[in-house]
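Just one chain is shown here, as C-alpha cells, and it is the form predicted on its own.
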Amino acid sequence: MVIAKTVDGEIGIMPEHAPVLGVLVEGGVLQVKRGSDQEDLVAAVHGGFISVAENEVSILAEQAELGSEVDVAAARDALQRAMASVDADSENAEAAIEAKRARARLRAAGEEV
C-alpha cells in the first residue's frame, strides 16, 4: 500500500487501484507499506505528482529523501533557521517552504516535530 498526501487530501493506493493522477503537497511524507516481512519505506517528498496506471505507482517529485537517509541534526538545524526567518518576516514564503521541507524530513526519519 502506498500512502501519500495530495492537494486534495491523503490517498491510499492498494493493488488493482483504479488509474489516478494527483498533485503532491510540498513537504509531505510518503509511505510504502510492503508487508509484514519487510520494513516500510518512508520518504519526505517535496512537490510533484503521483500516478497510478496498470497496477503501478509512479512518483515524480521535485525532491525526495528516504527517511533512513535523513541527517536529523541537519534537518533540525534547517528547521530552526527557517523558523527564525519566518519569525523575522512572516511573509517570507521561501522560509515557510523550507520549514515545511525540514518538518517533512524529520517526520520521515521518525522524529517528533
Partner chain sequence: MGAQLRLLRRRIKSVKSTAKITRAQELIASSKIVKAQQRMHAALPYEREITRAVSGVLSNTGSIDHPLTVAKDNPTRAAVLIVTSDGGFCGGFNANVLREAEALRGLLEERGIQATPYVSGRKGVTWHSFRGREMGGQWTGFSRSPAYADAKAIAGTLIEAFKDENGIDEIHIVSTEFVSMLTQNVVVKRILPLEVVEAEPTAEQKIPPYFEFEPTAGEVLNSLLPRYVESRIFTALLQSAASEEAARRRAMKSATDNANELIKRFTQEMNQARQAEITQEISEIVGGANALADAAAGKE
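Numbering follows the first chain given and starts at 1. Predicted model, so just to flag it, every value in this text is computed and none were measured.
The same protein also has a form predicted together with the partner chain, omitted here; what follows describes it.
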- Determine whether any heavy atom of P15 comes within 4.5 Å of a heavy atom of the partner chain in the model of the complex, and answer yes or no. no
- Task: Indicate whether the partner chain has at least one heavy atom within 4.5 Å of a heavy atom of S58 in the model of the complex.
- Result: yes
- Task: May I ask you to state whether V32 is within 4.5 Å of the partner chain in the model of the complex, using heavy atom distances?
- Result: no
- Though only this chain appears here, would E112 touch the partner chain in the model of the complex if you measure heavy atom gaps against 4.5 Å? no
- Would you mind picking out the stretch of 46-54, 64-72, 32-40, 80-88 that comes within 4.5 angstroms of the partner chain in the model of the complex, counting non-hydrogen atoms? 46-54
- For the stretch 1-29, which residues lie within 4.5 Å of the partner chain in the model of the complex by non-hydrogen atom distance? T6, V7, D8, I11, A18, P19, V20, L21, G22, V23
